[in-house]
Each structure stands twice: as structure tokens, then as C-alpha cells.
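In the form predicted alone, a lone chain appears below as C-alpha cells.
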């Protein structure tokens, strides 16, 4: 009987992990450049003193769906859409270099260039800080061009270049903060063929409709396993009643 209970509990943990991943995907269905999280089941083995016993399953977020999102024209100078599989380098909260596809760049009051969620964007020498300017534009190769305040509009100056990295040949993983990092540490190399398109944004690749269906599916899986546990409890009670000696 306990085997049925353990199996159901394992399936319930999986359904809960799937619901968490789906809820996060649904919450970020409108976040620029967001990559949907994928939860998958993995078998876990318990090593006993003399043999390996029971194979249980653990479902958790193991990867992200890296397919491209749709591109929307915004006409805003600081909105960029990354081409191919390239990733934009940003500074994570712990100071390490991390990567994102989010391209809704912002300029703080101090001139610091950040993503829409406040991550400092990295350039050739670290976080990018721009001087007061009448116009800021981003070239296709990632160069940042500005027309200084009061300067000649026809004389743009290059102040830095976005670090656009290539994940080709490197194992990357998505963290709880939504940023990608190199597994085991390290940084990604600069993508020599990288290109960006200014005035456009890549949308989230999450389908809200599919996420809702996944949420319902996970909820039904939870209910099914709960019924199995209830049945196991009833069977256990009936067995105990049969074994009871008549008084």
C-alpha cells in the first residue's frame, strides 16, 4: 500500500512543480524577451545499504524554451531586438555577468543604461554610462552613438558597444532571477556576427493559451493523485477491519 502512496506523492510533487513553472510563464507572457521555463520529470534512485530501492520521479525546472519570440516594432531608439541566438550581457545582483534577451533598455537619471527590469547593461568595459545627449542611437553591430547635448546633430559619437554574447558551444542555464549563466561559471564570448535591430522588441515566447491549458492539466493531475491516496487509505482501513478478531 505504501508503494501507491509514495508514487502518488511523487506525482503530486511533479504536478506542483509544473504548476509553479506554468504560473511563472503565465506571469511573464508579456515580458520582453522572456524565455518560457520547462519543467521535466527525472527519475531519482535511493541507494540502500545493500541494494538500490524504489525509483521515484522529481519534476523541476530544468531548462528554458529558447525558441524566438515575435518581433514588434516600437520606434523607440532604446528598444532593441537581438538577432539569432545572441544574448545581451548584463550585471546580475551578485555582480557577476549574466545574460538576457530583454531589449527594452532604459536610461537612469545618472546615465546608467539598464534593461527594463533594472539590470545594468554591460559594454566593453563593464556597465555602460552615457553622457547627457540630445540623441542616442544603437547601431546594428551594437555600437552606441550619441549626439552630445548642444552638439551638431550630424556628428554622432561612439561612446561604447553593447556586449552581445554567443551561447554556441557553451552550456547555459536559467537562474531563479530569470537570467542565463554559464553552467559551472565563466562568461560567454562576444558574438562576432551579432546584430541588433533598433526600434523593435522581441516579445515573450510564452503562449498564454497554452500556459492556461498546462495549468489546468497540472491541476487535474494533482486531483487524480489525491484521489489515489484517498483510495489507498480506504483500502488500508478495509484490510485492517478484515484482520480484526471477532469479539
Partner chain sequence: MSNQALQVARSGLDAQNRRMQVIANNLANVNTTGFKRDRASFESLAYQQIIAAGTSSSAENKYATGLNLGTGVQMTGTERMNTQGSISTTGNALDLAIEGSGFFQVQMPDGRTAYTRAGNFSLSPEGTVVTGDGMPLQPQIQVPQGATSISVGADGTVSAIVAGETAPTELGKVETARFVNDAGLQPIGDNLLLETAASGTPQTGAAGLEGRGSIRSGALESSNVNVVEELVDMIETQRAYEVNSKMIQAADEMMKNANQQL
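Note that the rigid core is defined as the largest set of C-alphas that superpose within 1.5 Å between two forms. Please read all numbers here as calculations on a predicted model, not as lab measurements. Numbering follows the first chain given and starts at 1.
This protein has a second form, the form predicted together with the partner chain, left out of what is shown; the following refers to that one.
Trainee: Using a 4.5 Å cut on heavy atoms, which of 68, 190, 187, 215 is close to the partner chain in the predicted complex?
Mentor: Residue within 4.5 Å of the partner: 215.
Trainee: Could you tell me which of 73 to 81, 92 to 100, 121 to 129, 162 to 170 sits within 4.5 Å of the partner chain in the predicted complex, going by non-hydrogen atoms?
Mentor: Heavy atoms within 4.5 Å of the partner chain in the predicted complex occur in 73 to 81.
Trainee: Report whether all of 86, 140 and 156 sit within 4.5 Å of the partner chain in the predicted complex, measuring from non-hydrogen atoms.
Mentor: No, none of the three is in contact.
Trainee: Does residue 196 reach the partner chain in the predicted complex, with heavy atoms at most 4.5 Å apart?
Mentor: Answer no; every heavy atom of residue 196 is more than 4.5 Å from the partner chain in the predicted complex.
Trainee: Does the 4.5 Å heavy atom contact test between residue 229 and the partner chain in the predicted complex come out positive?
Mentor: Yes, residue 229 sits close enough to the partner chain in the predicted complex that at least one of its heavy atoms falls within 4.5 Å.
Trainee: Answer with yes or no whether residue 182 is in contact with the partner chain in the predicted complex, where contact means some heavy atom within 4.5 Å.
Mentor: Outside the cut-off, so no.
Trainee: Examine residue 133 and determine whether its closest non-hydrogen atom to the partner chain in the predicted complex is within 4.5 angstroms.
Mentor: Residue 133 belongs to the contact set for the partner chain.
Trainee: For 208 to 225: residues with a non-hydrogen atom within 4.5 angstroms of the partner chain in the predicted complex?
Mentor: If the 4.5 Å heavy-atom criterion is applied to the partner chain in the predicted complex, 208 to 225 yields 208, 212, 215, 218, 219, 222, 223.
Trainee: Is the C-alpha displacement of residue 219 equal to or greater than 2 Å between the shown form and the other one once the rigid core has been superposed?
Mentor: It does shift by 2 Å or more.
Trainee: Would you say residue 181 moves its Cα by 2 Å or more between the shown form and the other one, aligning on the core?
Mentor: No, residue 181 moves less than 2 Å.
Trainee: Residue 30: with the rigid core matched between the shown form and the other one, does its Cα shift 2 Å or more?
Mentor: Residue 30: C-alpha displaced by less than 2 Å between the shown form and the other one.
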